[in-house]
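Included below are structure tokens for two forms of one protein chain, each presented in isolation as structure 1 and structure 2.
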Structure 1
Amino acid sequence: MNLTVSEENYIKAIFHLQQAEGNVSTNQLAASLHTKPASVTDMLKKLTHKSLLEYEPYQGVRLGKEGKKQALSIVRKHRLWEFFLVDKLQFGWDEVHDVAEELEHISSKKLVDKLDAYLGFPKFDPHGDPIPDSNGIMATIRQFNLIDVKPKVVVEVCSVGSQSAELLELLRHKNIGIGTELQIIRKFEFDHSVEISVKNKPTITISQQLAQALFVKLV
């Protein structure tokens, strides 16, 4: 099954939009891929013909078994390359996404598996997202949205809700990253902002939007 770069990008986008179960809509895909709904319809037909998708006109789409397998392979490559860029080449975690977006399409399976070994079989990428192993299996950790955590509970940031440059810039400014330990001091009803305390630092206040973009685990 040889896929073009475009086909791979569609498969990956469906994978990411298709949380839990439920179908992904044409418009969602068009927005996520910065393309037009008409183009999406064309591609969905093609990928369905290749037995990668389950698609009914007007009813949205979901990945089939083979599509899921392909998606995991692309995600694996994306996250391994991100890890490589940060761990070996000293990129910042906020700079790696676009480069990985290209590297994920390099096709050699041998390359990916050797890279994995060279990196020491990492389980999470620099954004805290789990890296599928060569069988497509990835670690799952109980993670919570920071906005839902009770005050006083000590937690550690383990992933972020998006890879947007804006979010990562803000986190860098506030000195928050994957692995940062913190606890909620109090929540403000008015704007749902949250006062937090990062280990050994003065407390700071973060917006509702930022708290919703942070995922944490218990320490």
Structure 2
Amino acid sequence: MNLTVSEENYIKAIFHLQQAEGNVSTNQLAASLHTKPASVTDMLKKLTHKSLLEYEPYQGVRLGKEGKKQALSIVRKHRLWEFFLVDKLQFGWDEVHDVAEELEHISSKKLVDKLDAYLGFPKFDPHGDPIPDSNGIMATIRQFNLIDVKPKVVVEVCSVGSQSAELLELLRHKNIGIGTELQIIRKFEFDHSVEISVKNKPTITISQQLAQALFVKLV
């Protein structure tokens, strides 16, 4: 199925929103895509006509079977290109999102499959998000929010809750990345900040907001 760049952006946005929200409203999409609700309504009609969406009156929309297939293909391309940019071209993990946003619209399946093979079929992108395989299947991992981890338990950072350049820059400044081993030393009641010990690094204190943006797995 041939889709425009705009249609692909809508499908991907709906995919991400419905992971957390279930059915997606027009206003949620408008806020996510920084556009007007009227424009969203027009696009939803087009995507529904192409049998990509399931619409329930007053309940919002969600991707249908074909819509989900298309969304997973776009997500796969985006995350593979991010992996390539970081692993092969030494981009910083806070530099790749916008570039991958452009590359994800390349339609050649042969190119994407060869890229996947060239990279060794990675399961996760540089931010710890799972990369769908050619069948749309994503690896799963049991992870926890750092703020919920008990003190003295050794964990490993496996993903981040946001890919904003500001967050990733802060994490890089604090020498925290995917694969970093750490443990909570103390939680402060006053502002809910957290003292952590990073493996082979001095003890540091991070904000509650930063702790909530880190997802970890047990070592």
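Basically, rigid core = biggest C-alpha set you can superpose within 1.5 Å across the two forms. The first residue in the sequence of structure 1 is number 1, and each one after it adds one. Everything numeric in this text was worked out from a predicted model, so none of it was measured.
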{"query": "Panel number for the form predicted on its own", "finding": "2"}
{"query": "Flag for Gly179, CA shift 2 Å or larger between structures 1 and 2 after aligning core", "finding": "no"}
{"query": "Cα displacement of Gly161 between structures 1 and 2 reaching 2 Å, rigid core superposed", "finding": "no"}
{"query": "C-alpha positional change at Tyr58 between structures 1 and 2 - rigid core reference, Å", "finding": "3.3"}
